[in-house]
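A single chain comes next, written as structure tokens; it is the form predicted on its own.
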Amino acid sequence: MVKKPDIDELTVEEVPSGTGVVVIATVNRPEKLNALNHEVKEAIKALATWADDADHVRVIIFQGAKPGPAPEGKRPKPNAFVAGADVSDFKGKDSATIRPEFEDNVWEAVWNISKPTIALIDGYALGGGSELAVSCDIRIATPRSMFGTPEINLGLIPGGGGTQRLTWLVGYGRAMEMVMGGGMIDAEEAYRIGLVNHVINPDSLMEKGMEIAENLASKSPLTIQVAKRAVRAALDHPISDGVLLEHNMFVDLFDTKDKDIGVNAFLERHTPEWTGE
């Protein structure tokens, strides 16, 4: 099994929750607005593999490190979730050198985690950072957060699933405007169009994230993963096929121990003790 990554630029904390843990992964490059360089992307990919395989991990939270105090006479750095990819990594590269990185990329790694994922967004979520956020299942932002896909201003388009996942979340017209215009929208607008689930005061952001994470962690880990697959099926299939897949998943759960545990706990009025089987 892949080990939990341990690098200075991606800190990973395990917070006990029920019979497992909530993992908090912090991109720790505040001097670069937490931009995704090669090392951080590789570490997040390793984290995704480790967290998916680790039975005790229930939920994964992603966030960006807060900026430190500004040096004397300097303007303080703004808050950022992830302000995109590190553009310096693109210099001098052609399609042959960049293709392998995008065929095995960090955004798909996060998207393919079978367990619930939450993005806590405080500040800029731009380009690859916006794509990291929309690769998660749930997004919680602060009022000072800003979202955008500015790749068009570099002569590029989003390359980490942004054109696809953004369209599913906000619709064709808004996605077109964001991708082709390259501008930013604020948290209020992001909430209005369905890009984020909640907008929370910065001081309460982690509290809200942990509230949601602990609720998810209290459910059957097996059933949570089935539920995630069922909802994701709506993105890949016509509704008639998706409903059939849902029916089959529902029926299959009747052969699990956790179904019996959940039904009995409800009827007997006690808290279920899930086995994940």
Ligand code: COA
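Just so it is clear, the structure is predicted and the values come from calculations on it, not from any experiment. Numbering starts at 1 and follows the sequence shown.
Below: the form predicted together with the ligand, not depicted.
- In plain terms, the part of the chain that comes close to the ligand in the predicted bound form, with a heavy atom within 4.5 Å, is 126-134 out of 126-134, 202-210, 163-171, 185-193.
- Between the ligand and the residues 66, 237, 228, 32, the one pair within 4.5 Å by heavy atoms in the predicted bound form involves 32.
- Between the ligand and the residues 178, 85, 110, 119, the one pair within 4.5 Å by heavy atoms in the predicted bound form involves 85.
- Taking the partner from the other structure, the ligand in the predicted bound form has no heavy atom within 4.5 Å of any heavy atom of residue 143.
- Not displayed here, the ligand is kept clear of residue 98 by more than 4.5 Å at the level of heavy atoms in the predicted bound form.
- In the predicted bound form, the ligand sits within 4.5 Å of a heavy atom belonging to residue 77.
- Site residues 20, 50 and 54 are none of them in contact with the ligand in the predicted bound form, judged by any heavy atom within 4.5 Å.
- Residues of 141-179 that come within 4.5 Å of the ligand in the predicted bound form, judged by any heavy atom, are 150, 151, 154 in sequence order.
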